[in-house]
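Just the one chain here, laid out as structure tokens, in the form predicted on its own.
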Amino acid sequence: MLTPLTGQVYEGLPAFADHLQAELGIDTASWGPLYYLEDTASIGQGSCFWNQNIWLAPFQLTFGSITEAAAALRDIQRNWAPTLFTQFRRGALMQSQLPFLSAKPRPFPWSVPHTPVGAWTLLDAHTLIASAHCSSPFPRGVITFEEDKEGPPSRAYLKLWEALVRLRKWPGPGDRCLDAGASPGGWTWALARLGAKVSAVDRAPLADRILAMPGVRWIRHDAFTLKPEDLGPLEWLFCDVICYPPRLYEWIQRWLDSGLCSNFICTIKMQGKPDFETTRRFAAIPGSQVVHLYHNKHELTWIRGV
């Protein structure tokens, strides 16, 4: 028997469970790492960010056998990824009867398929919770890449790759990009490899091998004291500056008001407790999304592309 649930299921990030609980207004998870909120209006539309994945249309399914449960999910759609916290053996048997879902590292650039990836978990031997539609395009909100161990000076490029894949677009040859807070050059490296022209702004220099890449110029400056008119029109603005979120928001607002750039990816870094108010202000910017990327730490990422 399939019974729709009226709320949403939030898949918690173990390291930031307290942040998610604060957003949802609840103290404990409903099922293992999962939080069920029946009245989502209480947190406001699009106001939950410290999660790995949101199950947008959950339902409960009672079944007699694993084969019956797997067939019921296959009848709904093809792709399903489990989040198991109990019934591990039965869960593995059930997943083996569903179409294979690859978890191999991806190359970059990579175009994420538009086909949805559902989520499911077992509550007991004959009951599961599932959702065919989720907030993340990746299984359980997880994506890994084929890493470059030699070129980039840090692993920060991984979160940039993830953000661009989520946006389903990235800079092309000749696109003008600003990389604010660029040192030592992980994001600049990733952008220059795409053929973009990168203005890398930071008081600290970039690694020598990054400075030598075609299309890269280093501007020794505090990016936040540069006016949009100082740099001119851009296709993309990227920012990984360590600063308080309100300062980043004020700077981004100047760029939005200038009309000189349309595509943005910025890290909202938290200093101590999370700044929920400024995060919601970023999310309210038209065309925006704020997410906690798989490769983020104590930070969120604001993404806007047109």
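Remember, it's a predicted structure, so these values are computed and weren't measured experimentally. Residue numbers run from 1 along the displayed sequence.
The next section is about a form of this same protein that is not shown, the form predicted in complex with a small molecule.
> So in the predicted complex, does residue 229 come within 4.5 Å of the small molecule, heavy atom to heavy atom?
So residue 229 does not count as contacting the small molecule.
> Indicate whether the small molecule has at least one heavy atom within 4.5 Å of a heavy atom of residue 95 in the predicted complex.
Residue 95 lies outside the contact set for the small molecule.
> Is the gap between residue 221 and the small molecule in the predicted complex 4.5 Å or less for some heavy atom pair?
Residue 221: yes, in contact with the small molecule in the predicted complex.
> Indicate whether residue 201 is a 4.5 Å heavy atom neighbour of the small molecule in the predicted complex.
Yes, residue 201 lies within 4.5 Å of the small molecule in the predicted complex.
> Select from the listed residues 77, 154, 111, 144 the one whose heavy atoms reach within 4.5 Å of the small molecule in the predicted complex.
Of the candidates 77, 154, 111, 144, 154 is the one lying within 4.5 Å of the small molecule in the predicted complex.
> Find the only residue in 29, 70, 260, 241 having a heavy atom within 4.5 Å of the small molecule in the predicted complex.
When the small molecule is considered in the predicted complex, the option within 4.5 Å is 241.
> Run the contact test on 105, 166 and 170 with a 4.5 Å heavy atom cut-off to the small molecule in the predicted complex and return yes or no.
Verified in the predicted complex; spot residues all out of contact, no.
> Want to guess which of 112-120, 127-135, 202-210, 84-92 is within 4.5 Å of the small molecule in the predicted complex, heavy atoms only?
In the other structure, the partner sits against 202-210.
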